[in-house]
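Given next, in structure tokens, is a single chain: the form predicted on its own.
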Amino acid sequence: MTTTTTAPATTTVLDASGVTMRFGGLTAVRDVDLTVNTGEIVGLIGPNGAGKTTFFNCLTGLYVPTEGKVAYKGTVLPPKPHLVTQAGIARTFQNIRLFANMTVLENVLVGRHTRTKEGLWSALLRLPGFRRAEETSRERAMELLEFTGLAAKADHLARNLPYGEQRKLEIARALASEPGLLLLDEPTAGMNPQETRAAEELIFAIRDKGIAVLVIEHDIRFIMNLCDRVAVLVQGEKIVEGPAEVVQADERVIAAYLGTPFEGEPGAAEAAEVEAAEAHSTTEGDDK
């Protein structure tokens, strides 16, 4: 008798198609396609100014793409960050954005807000439904702190955590929204080798929970060890995508990281203009 095993069905969690982002006459991201499937860890790498964070911002509703579309599990996402989070995509940032004067537990509870259903009056009147929801959120938050190794520091202020643990806390807060896709923007930036190894193990554990992961990182060794697939952006364009060993051997990737120009590559002056335009756009958004 022959036993046949069937591989679990793969679902496309993220489908970004033809994503282009312009700031005035400058193009920061140009016609980028990228998919992420269930059970995958996908890496996005490229030199400084390649458009990686701009692309992340397009995926999460911080920017409205000039062209293209972003879909989560087949549904095109609205360009509003809170609606993207509600749909099932969570992210961390290159620069840690914790509530420094709140406790570790309180920071994670903030991430639960998109999953609580109780309204204003229920909260003001402390109705039974609100109290039950509050207790459920607290239990879930503690589970996530246990998962990330921070449960013993639940009552500590976030600002008092070591740097590596602040990174873990940001991930725990993102997981509190119960995402199907987690976007990590340079999760090991500033970490020592021991902290980097712990971050790698945590990301594998997140994947094992059924959450797909898309990660930006400058640590090439980390990315190549971590990811099932890697995509490379150079000056806003995706030049190659595939398994780590294929990407590592691609001459265009080697040229981009060594600073050797290849045919059709935009110059450094154009890259600087794109960075300046993006910074100006962000500043204008903060002023409004």
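In this text, residue numbers run from 1 along the sequence as written. Not measured: the values here are computed from a predicted model.
Unshown form predicted together with a small molecule; subsequent notes refer to it.
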*Answer option from H218, R138, H113, K80, heavy atom within 4.5 Å of the small molecule in the model of the complex*: H218
_Sole residue of V230, V36, C58, A50 within 4.5 Å of the small molecule in the model of the complex, by heavy atom_ = A50
*Are any of the heavy atoms in F222 no more than 4.5 Å from a heavy atom of the small molecule in the model of the complex?*
no
*Although the small molecule is absent from this view, report whether N160 comes within 4.5 Å of it in the model of the complex, heavy atoms only.*
no
*Quick one: does I254 come within 4.5 Å of the small molecule in the model of the complex, counting heavy atoms only?*
no
*Though only this chain appears here, would Q94 touch the small molecule in the model of the complex if you measure heavy atom gaps against 4.5 Å?*
yes
_Residue stretch of 42-50, 65-73, 240-248, 222-230 approaching the small molecule in the model of the complex, non-hydrogen atom distance within 4.5 Å_ = 42-50
_Complete contact of A28, T54 and E186 with the small molecule in the model of the complex (any heavy atom, 4.5 Å)_ = yes
